[in-house]
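For reference, the chain that follows is the form predicted on its own, supplied as structure tokens.
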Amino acid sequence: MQQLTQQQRSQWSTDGYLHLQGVLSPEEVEFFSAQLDRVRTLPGYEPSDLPRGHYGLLPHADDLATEGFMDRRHLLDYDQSFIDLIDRPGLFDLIVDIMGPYLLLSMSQAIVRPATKAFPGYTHTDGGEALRYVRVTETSRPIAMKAMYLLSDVEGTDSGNFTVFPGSHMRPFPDDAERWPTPHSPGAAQLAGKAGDCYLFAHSLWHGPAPNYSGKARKTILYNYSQMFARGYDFELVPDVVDKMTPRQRRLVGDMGHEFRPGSFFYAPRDQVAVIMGDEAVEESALAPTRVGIGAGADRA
């Protein structure tokens, strides 16, 4: 599998993020952008009832305008293309190089940040308040990380930029109400990028969207990966769309190849490395999805 270059490995350890250019082709950008426009018209989960953090800064009424706000979760059952993005060739190799093979997909998310003067931007760490205080050393695997795909060009500043505080994943950071960091605080870096680029970043890196005064919306897709022992965001049980997945994708959404038993997500199956690394010797029959206990999800197609 493809591995990080030495420069990328150094930047990941030092800054806590990577900017990868041209991961999606122009045709794929156009396709996924249209998918987001379609998805917003379908039933699905958005955290509109969370008056916390950045969720309390914008109204979350259903907005059907393609340039309007959207924060849609659990994308996998909308289209096969979202399933295939789970282990996108090339990019997933780098995720495995960073996290190791004992990982899960814990969340998929589509976000549209509209151009508005009502939202001042917001920065945070992933995984909630508790995980904010769990940091690892520069040589350790991260507990969780995200891949964020840009579907819009982001130029200049205050254009909904993905904003990071480089190195903040490695040190304590002020998070009280009076000193809460913003996209304009000292040390903040508002990143520019082209549609098709991808950012990889650690859960403990302070990050978030800058305000968007550009006059156009910023569209993104995010996939979160965690170590196997960490609880997932999107689903408690293996999702029904497992039947549409490859053996590796099934493993990444929690199908261990057997019914759940204590320790299933702490002690990996013996073929875990072979499945994640793409060993062609893995037998399809040995990885048939376990239907017992699989949660029933709504058909959103």
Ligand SMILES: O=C(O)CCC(=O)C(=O)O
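Just so you know, these numbers come straight off a predicted model, no measurement behind them. Numbering starts at 1 and runs along the sequence shown.
Just so it is clear, the following notes concern the form predicted together with the ligand, a form of the same protein that is not shown.
Enquirer: So the ligand isn't shown here. In the model of the complex, which residue out of 148, 230, 131, 95 has a non-hydrogen atom within 4.5 Å of it?
Expert: When the ligand is considered in the model of the complex, the option within 4.5 Å is 148.
Enquirer: Please tell me which of 101, 114, 208, 166 lies within 4.5 Å of the ligand in the model of the complex, judged by heavy atoms.
Expert: It is 208 that has a heavy atom within 4.5 Å of the partner.
Enquirer: Which is the contacting stretch out of 179 to 187, 166 to 174, 84 to 92, 122 to 130, given heavy atoms within 4.5 Å of the ligand in the model of the complex?
Expert: Within 4.5 Å of the partner lies stretch 122 to 130.
Enquirer: Does every residue of 106, 245 and 250 put a non-hydrogen atom within 4.5 angstroms of the ligand in the model of the complex?
Expert: Contact check failed for every one of 106, 245 and 250.
Enquirer: Does residue 143 reach the ligand in the model of the complex, with heavy atoms at most 4.5 Å apart?
Expert: Flag for residue 143 set to no.
Enquirer: My question is simply whether residue 222 lines the interface with the ligand in the model of the complex - judged by any non-hydrogen atom within 4.5 Å.
Expert: It does: once the ligand is placed as it appears in the model of the complex, residue 222 has a heavy atom within 4.5 Å of it.
Enquirer: Given that the ligand is not shown alongside this chain, does residue 218 nevertheless sit within 4.5 Å of it in the model of the complex, heavy atom to heavy atom?
Expert: Residue 218: contacts the ligand in the model of the complex.
Enquirer: Answer with yes or no whether residue 78 is in contact with the ligand in the model of the complex, where contact means some heavy atom within 4.5 Å.
Expert: Because no heavy atom of residue 78 falls inside 4.5 Å of the ligand in the model of the complex, the answer is no.
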